[in-house]
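You are given structure tokens for the same protein chain in two forms, set apart as structure 1 and structure 2.
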Structure 1
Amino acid sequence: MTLPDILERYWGYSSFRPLQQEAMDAVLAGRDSLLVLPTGGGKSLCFQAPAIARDGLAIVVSPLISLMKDQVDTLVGNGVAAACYNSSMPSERKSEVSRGVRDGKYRLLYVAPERLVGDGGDGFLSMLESKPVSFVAIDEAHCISQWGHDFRPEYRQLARLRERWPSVSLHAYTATATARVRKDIIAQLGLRDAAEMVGSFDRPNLVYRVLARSTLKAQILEVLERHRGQAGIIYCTSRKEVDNLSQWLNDTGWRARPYHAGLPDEQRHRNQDAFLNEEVDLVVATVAFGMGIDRSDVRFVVHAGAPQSLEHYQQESGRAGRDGLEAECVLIASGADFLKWRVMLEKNGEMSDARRGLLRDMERYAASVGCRHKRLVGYFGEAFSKDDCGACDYCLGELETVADAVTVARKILSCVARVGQRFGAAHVANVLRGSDSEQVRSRGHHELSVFGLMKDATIDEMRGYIDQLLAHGLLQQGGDEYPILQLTAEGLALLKDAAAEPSLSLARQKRPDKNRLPKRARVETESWEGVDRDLFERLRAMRLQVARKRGVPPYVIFHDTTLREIARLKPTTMDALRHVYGVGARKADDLGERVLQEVQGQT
């Protein structure tokens, strides 16, 4: 069976996505390879389809048990002979899988890296050699690099597989890798004459927004209101924040589950399963919740605090819109986030020039004025040719450039100087806005010449300006327990030299205008064009019912992309249904009659 036939039969796809055919050809040719495709780009298919086309057993190395289980459930649902072997399985199931391997029952076997290269792995490897191994696929391959954002030491030992199976090709797959990380992956795995393929890092279906952190709960609620009834993830930087925010959301009527490494294993798995199985649509989590999340219809990701690097941000925000449909990614950040990371990394002895540089890049993104898509892909070394992405706060006209940025900067720098460089951003903002508060008056700061100098600015605008000056290197944060603002040498020079007119840009959120309708992102309007929304919701309900009955996550049955396409095309025959994107012969035979009944309104 050819690759196009396999895609059509098992996945219902009629064409390849960018780089998929090249990646699959490398596997079929037995040539080592490295593929970088962003989340949602279809990288898993690049080793799953060739495993069906080739004889023998394909070994897939995966770092998380939940990730293995989800992919195997989906493959089996599509009619592909696949299994996983991990420590969470009962001994009877392990024996059953071992027999299946020896009998040549499977085309793909998912295992953890420890299973292949850890202590006691020899017996397992001998069992695998009872039948020919066709190739080895290493998923989440950035885990092998110390420059990657999820370094896993056990991944380093996977190079031993080359010694064990010298004639078997190795293939590395990841969604996020800079040039430095890619080079490290190739070296650490010992890939030979590897075909290196790097897809576009741009995710045009994601709408990026950045907000200066002020009233966090109100800012989060504003995002949630835009996505009622839709799935989303809120990332926090500490377990305490996760617990507090999750509890508050439940108290205010939003069904949310917490997820972090400090929870008991049983509760953590229960909360993750509740999200995957659509029992709840909202998870508040630390970054511990991530790599194993395969739910495709996440419509928004909120970061209630900046992550450590743009690699982290791209990976975590990329969990939205994996199905290719529109999704929103909101970063709510403040200068205090970056100080907190620096203090923590210094305390743990983890701060290095590389880590410091990663933090600075993240800080610059959070305070940048310009297209978010261009900034993100540029970080990964990719040129962005569009003048207007149509999918970020800047290109949608939600930000406006401050007319006299230098004057605004000097007012803020002057205030920092006049309060003695001993106070934080909130106090500086209150003085400049002329706040009649006890904290301002008790220190005599209401008598300063800068008091009320920016009384027309909102608190959100003030916080945004301060964060941008931090990112521009005109201010810095000091202090241990409480961050205080201090002038840098560059900031002092700007303050003293009134004749200097440096190239400085500052931006703020556009102020509300009841006569101006908000501009919609192109991806939002285009993805719903021609879709019967009532039929789409009926199909979602049907999918959930089938999934509950079978004990699998709903996305294993159909992705939202497929349901929207059915609700757009409204097929009335089995043959027409088979040709809908994402259906395929197996799904049509299995659920075709049920789907056609929904389309015809007979249920």
Structure 2
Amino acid sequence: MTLPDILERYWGYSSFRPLQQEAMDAVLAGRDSLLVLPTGGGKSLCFQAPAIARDGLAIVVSPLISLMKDQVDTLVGNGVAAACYNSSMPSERKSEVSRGVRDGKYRLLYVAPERLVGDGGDGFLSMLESKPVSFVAIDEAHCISQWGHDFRPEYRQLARLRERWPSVSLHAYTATATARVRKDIIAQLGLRDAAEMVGSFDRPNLVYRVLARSTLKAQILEVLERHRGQAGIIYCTSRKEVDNLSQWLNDTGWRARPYHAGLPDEQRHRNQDAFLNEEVDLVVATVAFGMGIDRSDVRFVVHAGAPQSLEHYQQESGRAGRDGLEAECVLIASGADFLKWRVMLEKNGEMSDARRGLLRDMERYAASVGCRHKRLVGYFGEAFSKDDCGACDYCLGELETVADAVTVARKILSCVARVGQRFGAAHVANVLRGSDSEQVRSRGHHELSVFGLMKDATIDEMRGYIDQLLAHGLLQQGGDEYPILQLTAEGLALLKDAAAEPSLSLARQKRPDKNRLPKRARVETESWEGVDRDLFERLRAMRLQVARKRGVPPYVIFHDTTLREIARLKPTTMDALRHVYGVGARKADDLGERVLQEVQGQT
């Protein structure tokens, strides 16, 4: 069978995604390769389809048992003979898989890295020697590099693969884009004359927004309201924040589960499984919630605080919309986040120029005024050709620049000076807005000339301006107990020299206008075009039911993309159903009747 036939028959896909064909050709030709595509770019297919096309057994190295299990379940559901072999399996199952390997029953075998280099004492390796291995695919290959964000020592042992199978080609796959990690992967694995393929890192289906943190809970609720009944992740920067926020959400009537490394293993797993199996749609988590989150219908990712680098941000926000459908990524950041990171890194002795630089880039992103997509891909060294991405707060016209930025800056700097450089952003904002509060009065700050100087600004706007002045280096934060605002030399100069007219721009969220509907991102309207939403929901319910019965996560049965396509085209015959995107031959045989019944409304 040719590759296009394989795609059509087993997955119901009619075309390749960018770089898939090249990547699959490298595997077919037995040439070592490294493929870098963002999460959701379709890397798995690049070794799965060639494994079907080639003779022999393909070995897939994967870091997590849960990842392996999902991929194998999905493959089997599509009619591909695949299995995994790992230490958590009961010994009968192990023998069964071993027998299957000896009988040449499988096209793909998933294993943990350590299985391939040391014999676990169960004859696993010698069993493999007896069979021709067609190629080895190394998934999440960045785990081999200390420069990556998820180094795993066990991956280091893969350096010995080459000695063990000198003539078998090695193929590495990752979503980590930095050149340093790429070089490291090639060196560590000893790839020879590798075909290196690096895809675009833009994720056009993700709508990016940045908010200056003011009333965090209200800001989060606004996002949640937009996504009722949909799956989402809220990232916090500490375990305590995770616990508090998830408790508060549950008290407020939102079902959410916490996830962080401080929870007992058993509870952590339970919470993760509840999310993957669609028992709950919301997880509040630290960065510990990451790889292995294969739920593809995550429709939003909120960051309640800024992560410590744009790499982290890209990874974490990238868990949204893996199915290619629209999803929203909201960063709710404040200058205090960056101070917190600096203090923490210093305290742990982990601060370095590199770390400082990464933090600075993150801070600039949060305070920048411009297209977010352009900024993000630019950071990863990629040019962005579109003028209007149609999928970020800036391009959707949700931000506006302040008419007289320098005057606004001077008012704020002057207030910081007048309160003696001894107060934080909240207090400075209160004084400028003329807030008649106890904190302001008790210090006599209601008598300052700057009191009420910006009474038309909202609290969100004030916080946003202050963050931007921090990012522009006009203000800095000091203090041990809690962050206080201070002037930098540049800030002082701007304040002193009334004649200076530096180029400075400040932005704020446009205020809601009752007469104007908010502009929707193109991806948001397009992906729902012509979809019968009721039918879509019925199909999702049917999918959940089947998944429960079979004990697999729902996305293993069908992706949302496929369900939406069915709810758009409403096929009434088996033949028409087989032509729907994402419906392979096996799926049509297996679930076709049920789907057609749903479409005809006969259940």
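Rigid core: the largest C-alpha set superposing within 1.5 Å between the two forms. Nothing here was measured: the structure is a model prediction, and the numbers come from that model. All residue numbers here follow the sequence of structure 1, with the first residue given the number 1.
Participant: Between the two structures, is it 1 or 2 that corresponds to the form predicted alone?
Facilitator: Structure 1, which is the form predicted alone, differs in this respect from structure 2.
Participant: Would you say L544 moves between structures 1 and 2, meaning its CA shifts by 2 Å or more once the core is fitted?
Facilitator: No, the C-alpha position differs by under 2 Å between structures 1 and 2.
Participant: Superposing on the rigid core, I want to see if D184 changes position between structures 1 and 2 - specifically a Cα shift of 2 Å or more.
Facilitator: After core superposition, the C-alpha of D184 moves 2 Å or more between structures 1 and 2.
Participant: For A112, state whether the C-alpha moves by 2 Å or more between structures 1 and 2 after rigid core superposition.
Facilitator: Yes; A112 is a residue whose C-alpha shifts (by 2 Å or more) between structures 1 and 2 when the cores are overlaid.
Participant: Mind pulling the C-alpha shift for V60 between structures 1 and 2, with the rigid core superposed, in Å?
Facilitator: Residue shift at the C-alpha: 2.6 Å.
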